[in-house]
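One chain comes next, on its own, written as structure tokens: the form predicted alone.
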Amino acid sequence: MNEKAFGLIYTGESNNQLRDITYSRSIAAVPFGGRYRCIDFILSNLVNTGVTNVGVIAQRNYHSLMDHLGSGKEWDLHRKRDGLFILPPFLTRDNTGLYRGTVDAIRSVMGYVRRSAQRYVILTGSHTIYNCTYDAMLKSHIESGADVTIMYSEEKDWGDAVRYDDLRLTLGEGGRITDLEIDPYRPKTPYRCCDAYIMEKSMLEYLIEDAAVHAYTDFMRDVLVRNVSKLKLNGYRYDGYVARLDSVPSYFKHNMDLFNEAVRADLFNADHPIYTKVKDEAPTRYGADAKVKNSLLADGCIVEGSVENCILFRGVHVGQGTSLKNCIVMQASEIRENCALDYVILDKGVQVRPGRHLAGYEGFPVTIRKGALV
């Protein structure tokens, strides 16, 4: 077990490009892959590394997130010592309860950071999905003597990337980071940060306090980018599959990538299982006229129509004569009889009346807000 490090997950990202998907929930609580939430992957990565002390910084719309995490039992984080700590905003003389950025958020939970007995901290966001352990990254950080080690991946189609928390790394000899760019219009390199950093706890305390006294608010812009020449920043390359949920089209694409066997094998590696909240429901029931092709269906669904290239979450009902193609349908949604949906994302609890036709495009899927009636 890795007792040298603790985890700190920031879930306060606010991305307007995800539109209705994050209208009533944080990015960390966004459903993915039929039964998971984004935070499941980061939490599982930490647990599979052997980390037993994890703090989750909440900021806005975190009711769904807290309900999902509970006591941390599914991740084996319900412990007498350490475990899972949910850190919501709170009001004190020094803390307004409103975070202007990641620096404010981390500074507000500095009491938790100082109480943690581990020497190193694994700091992550929650909108980047991948499956790995941090053992090799932590070993590389210690051996290199770096102040901060940043995980990155190489993007193939990096010219058209969405510019949301797009931190680009320029690498020199020995993996040393010589330059950083955030949200560049024309990126100079294909090396993009995976939103994961390792440093000593004392280094995090120093960087956050130094930024706070200079009225800086953002960890990436005001701490890393400003100090790239002063700090020893090293890169750690990750070559597995990385899904960055930075727009509705990217959310749709990365869900549809799960139909690729190689992507599924990488993201749901049996050696590093992804844990999530367990809900015991009846198996999916198929009607006499049901047709299902190349789709992922969770428990509790009732399918009486046609489903092709779709991801259905728990408890979805597809009525008779209805055709779904290239759709993502979240929990407890109901599509009534004789409907036709193509390239559509239905959020949780959406009701689609009989005979409705909705169609989008691969690069611009139609998104229906949680609980809507169509």
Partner chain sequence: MPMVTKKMVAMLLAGGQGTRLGVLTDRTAKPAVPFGGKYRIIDFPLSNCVNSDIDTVGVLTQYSPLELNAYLGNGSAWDLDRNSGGVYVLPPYVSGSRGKWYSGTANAIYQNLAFLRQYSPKYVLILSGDHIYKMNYAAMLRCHIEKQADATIAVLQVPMEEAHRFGIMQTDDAGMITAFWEKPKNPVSNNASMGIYIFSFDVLEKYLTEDEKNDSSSHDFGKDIIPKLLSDGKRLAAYGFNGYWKDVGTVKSLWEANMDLIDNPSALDLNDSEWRIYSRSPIMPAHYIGADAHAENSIVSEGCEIYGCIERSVLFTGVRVGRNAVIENSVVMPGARIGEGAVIRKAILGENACVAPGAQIGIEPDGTNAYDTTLTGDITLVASGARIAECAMIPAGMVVSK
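Residue numbers count along the first chain shown, from 1. Bear in mind that the values here come from a model prediction, so they are computed numbers and not experimental data.
The discussion below concerns the form predicted together with the partner chain, not included here.
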Report yes if any heavy atom of N294 sits within 4.5 Å of a heavy atom of the partner chain in the predicted complex; otherwise report no.
-> yes
Closest heavy atom of Y36 to the partner chain in the predicted complex, within 4.5 Å or not?
-> yes
Report yes if any heavy atom of Y238 sits within 4.5 Å of a heavy atom of the partner chain in the predicted complex; otherwise report no.
-> no
Answer with yes or no whether D166 is in contact with the partner chain in the predicted complex, where contact means some heavy atom within 4.5 Å.
-> no
Contact check for P283, A290 and D299 against the partner chain in the predicted complex, heavy atom at 4.5 Å | yes
In this chain shown alone, the residue from V228, I182, I274, M203 with a heavy atom within 4.5 Å of the partner chain in the predicted complex is I274
Which pick from F268, Y191, F85, Y99 sits with a heavy atom within 4.5 Å of the partner chain in the predicted complex?
-> F268
Stretch in contact in the predicted complex with the partner chain, which is absent here, among 101-109, 123-131, 255-263, 170-178 (heavy atoms within 4.5 Å) = 255-263
